[in-house]
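Only one chain is given next, in structure tokens, and it is the form predicted on its own.
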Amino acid sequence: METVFTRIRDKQIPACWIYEDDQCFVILDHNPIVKGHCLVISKDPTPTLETTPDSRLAHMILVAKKVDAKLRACLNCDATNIVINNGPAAGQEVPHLHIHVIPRYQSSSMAISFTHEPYKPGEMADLEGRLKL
């Protein structure tokens, strides 16, 4: 399946490359939330976590860890968001697994915000029983 990321991988679309190995590559996001926002992208265009081999996913998270360290060292950021939008309902725009590594600063007002949906009585215990692995 061709995606914008396979076209970047194949050098058909220019990008700022940070890292590459046999399983993934890292580029600067062209539409960053914060300058330095990187994408760790699987070379094989599997769309989501469940379609990605465990060994590749494990490798990609280790690469994301290296990107995190480099961002902290070079940009002096205080933290990072490590994000996978896993499917369209989660905000995934490109059906090709990628991990966002986003620099964050204590002084910045920008933060990822989630709404909260409280449980009704008994719902949490019910879900606990249904979701146990």
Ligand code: AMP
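In this text the structure is predicted, and so the values were computed from the model without any measurement. Don't overthink the numbering: it's just position in the shown sequence, from 1.
Same protein, other form: the form predicted together with adenosine monophosphate (AMP), not shown, and the subject of what follows.
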| item | value |
| --- | --- |
| His100, Lys43, His59, Arg104 - the one with a heavy atom within 4.5 Å of adenosine monophosphate (AMP) in the predicted complex | His100 |
| Touches adenosine monophosphate (AMP) in the predicted complex: Asp78 (any heavy atom, 4.5 Å) | no |
| Contact of Val63 with adenosine monophosphate (AMP) in the predicted complex (heavy atom, 4.5 Å) | no |
| Contact of His30 with adenosine monophosphate (AMP) in the predicted complex (heavy atom, 4.5 Å) | yes |
| Close approach of Asn85 to adenosine monophosphate (AMP) in the predicted complex, 4.5 Å, heavy atom | yes |
| Contacts with adenosine monophosphate (AMP) in the predicted complex - residues in 56-94 whose heavy atoms fall within 4.5 Å | Asn85, Gly91, Gln92, Glu93, Val94 |
